[in-house]
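For this one, two forms of the same chain are given in structure tokens, first as structure 1 and then as structure 2.
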Structure 1
């Protein structure tokens, strides 16, 4: 239990003991961290009790405070300031906490439980490379999965690849028309980029052909319908669905190029998947569910044979589930995939990391499954995040205005290199070590930039302004970590020393304010981690780590560790910074961000 929770419990017990005749409502006691300008560590607000007990704040505060000091094992003293009861926690409590946890590499984690959770993320299309917007999805999904793992869930990370459909045929037809057999090898570029180039090419040609049609007297709509390249793409889709060998072979070849490219990107991003789904396998799923829905009369058929569900009583519309010709639409296969996931892995929960533009779709998906009494319905959770936009508006891959993910990674690593060299911090590294360091700093900055904001808020990224390496950044946290490692190296102390190293240490001196701040923050890590898990919000960890690193930097500036006032202080501080580094490493690792030992 966290200290704050212990204090809350102690205060509740105190109230019941002091006023046995009063029936207190649940959660009447609020425990907050004491503001820095007041003495004490945690604060109990007295106002809620005053009316109930007909007491004045000072009188009541003394009663509770005295009782806590006398009977609780953690409160050393108290002070009442205008209705707030400020409690000081015994130094011995902080010290015991530090001794127990300072070298616990699993501090904050929750033991493994039985329920299994799937996190579906990334889920790219195979007609273009990953862009900056995908990165937010990928980091968010990966970090959420890792955070859930750390809090005891059994996580299945899944990637549902959109590998079929008209948009895939567009790149295929443009390649067929214009590539002259070009391959990633012949062009010397990544396969996903090559295919993406032909997707852009398709749209250029399409636009051109539409304009031509209009100039020949067609309406815009006619011209769009009759553009030769679009007709060819549609024909190609029909051939694909019919299983035409030549089309299938081209499809497989080009998709394989894309997968090779994605593999390189995913590897560099440091993310992985336990399960891959392909829409070419799943796009026919869901029809069975629709049939059952008709039997259960949850769905209805219109005269043209199309199948619908009426969601108007839920404030939504009627939604189509099968076309008149019996073919399925997007949501049909999603119904089937939802069930497939659930049956295959016996999921307690199925999380979809998808941008907020699909809020309505996900709401409908869950609602339909619920109306059909599918057991998977309740476990579906849409982790909705805001889109990343450019100052000029949304990124459009069709128009080639996207910030490419691979380019962005290169740019960040280049920036890390430039700034490291500028700061003159390259001494004492081998070339290989420097390469690795630049990657660690550049990728860390990129991930932190995208994870530090509340997922549901949309972001605007200006490519003209590079991502900062100062202030509220991964670099700042990495720097604090590297400083700690540097001290430990000089003290010949490992990052995770054996407990015996500080066993003889006893506490005889007061904990100083700058030390106390670290104690308080470290003790709160488990509850921060739990919040991040419960709210599917990695930004909680980013904020926490930044604050912890900041507190360390102030501490570092104010007090010497190696040349502490005496041995006791030195050892105490070593334990403190060992644990600080350990917690920073732990939390950032969950976000996929590495902490260098030297920078």
Structure 2
């Protein structure tokens, strides 16, 4: 139980003791961290009690404060400030906490529970490489899964690969027309990049053919519908769904090129998946659900044979579920996948990490499954996030203006190298160590910058700002960690020492203000971690780590360790910074960010 929770319980017991005749509402006591400008560690808000108890704030504060000091094993003193009761925690409590937890690598974690949760993220198309727009999705999904695991959930990290459909056929048609048998090996590029080039080629040719049709007197709509390359792609989709051997062979070949490319990118990104789903396997399940919906009269057919659902009475719209030619649309396979996931894993919750552009789609998906009485519907949760733009604006892959994820990773590592060399921080490293360091700094900067903003908010990614050593960045936090490691090396103290090293330490001196701030922040880590899990919000961890790194820097600027006042203070401060480094590593690791021991 955290100190805040212990104080809340103690305050509730105090109220019942002082006012036994009052039936207090549940959760009437609120305990917050005391604001920095006031003395104390935790604050109880008095205002909710005033009307109920007919007491003035100061009078009530004195009653509660005196009782807590006299009867609680936690509170040493108190002050009343404008209706707030500020409590100071006994130094002995902080010291006991540090002794128990300073070398606990699992501090903040919750034992495993029975809930099984799936987090689906990445979900790439096999007609192009991963691009920069995918990265917020990937990092958010990975971090959310790791945070949920740390807080006791049984997590299945899943990737649904969109490996079929008209967009895939566009790349295939363009390759057939223009590639002359080119392969990743013959061209010397990753397979996902090769296939993506032909997706761009398709759209270039399509635009040209549409313009040509308009010049011959067609309307824009007619020209788009009758462009020869688009008709070829649509016919290829029909052949694919009919199982045409030649079409399927080309599809398998080109998809294999893309998977090889994805594998390299995922490895460098440091993300993994427990389960892979493929739209080519699940779209038929979706078609089966559509057939059942027609039988139940939840769905209806139009005169052209297309299948729809009418959601107008739910404040939405009519939604196409199957085209007139019998081919699937995107939501068709989503219906099948949702059911497959639930049947396979009996999920308590199925979390979809998908951009907020798909809010309507996800609302419709859940509503259709509810109307179909599918048990998977209740557990669907859309982790919606805002899109990411670069300073130059939004990216559009079909126009070839997209920034590839691979290129962005290279750029971040280049910036890390440039910054380190300019700062003259390369001395004492081997070439291999520097290569690893640049990768650690560059990738850490990329991940942290995309995770530090609340997922619901849109954001602009600035590569140079993301790696600023003095900014709200992973680089700042990594440097604080490396600084701690340097101190420990000088003191011949390992990062995770045996608890017996400080077993004989006693506390005979007061804990100083800068030391206390570290104590308070460290003790609150489990609460921050739980909040990040409950809100599916890794930015809570990013903000916490940045503040903790700031507090360490302030502490170290004020208090020496090697020249501490005495051995007791030296050992206390060593324990504090050991735990600070441990918590920083734990939290950043959940975000997929490595922490260097030298910078």
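Residue numbers count along the first chain shown, from 1. For clarity, a rigid core is taken as the largest C-alpha set superposing within 1.5 Å between two forms. Here the structure is a predicted model, which means the values were calculated and not measured.
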Quiz item: Which of the two structures shown, 1 or 2, corresponds to the form predicted in complex with the RNA?
Solution: 1
Practice problem: Align on the rigid core first; then say whether the Cα of residue 486 has moved by at least 2 Å between structures 1 and 2. | Solution: no
Practice problem: Using a superposition on the rigid core, decide whether the Cα position of residue 312 changes by 2 angstroms or more between structures 1 and 2. | Solution: yes
Quiz item: Does residue 332 show a Cα shift reaching 2 Å between structures 1 and 2 after rigid-core superposition?
Solution: yes
Practice problem: Just grab the Cα shift of residue 370 between structures 1 and 2 for me, core aligned, in angstrom. | Solution: 2.4
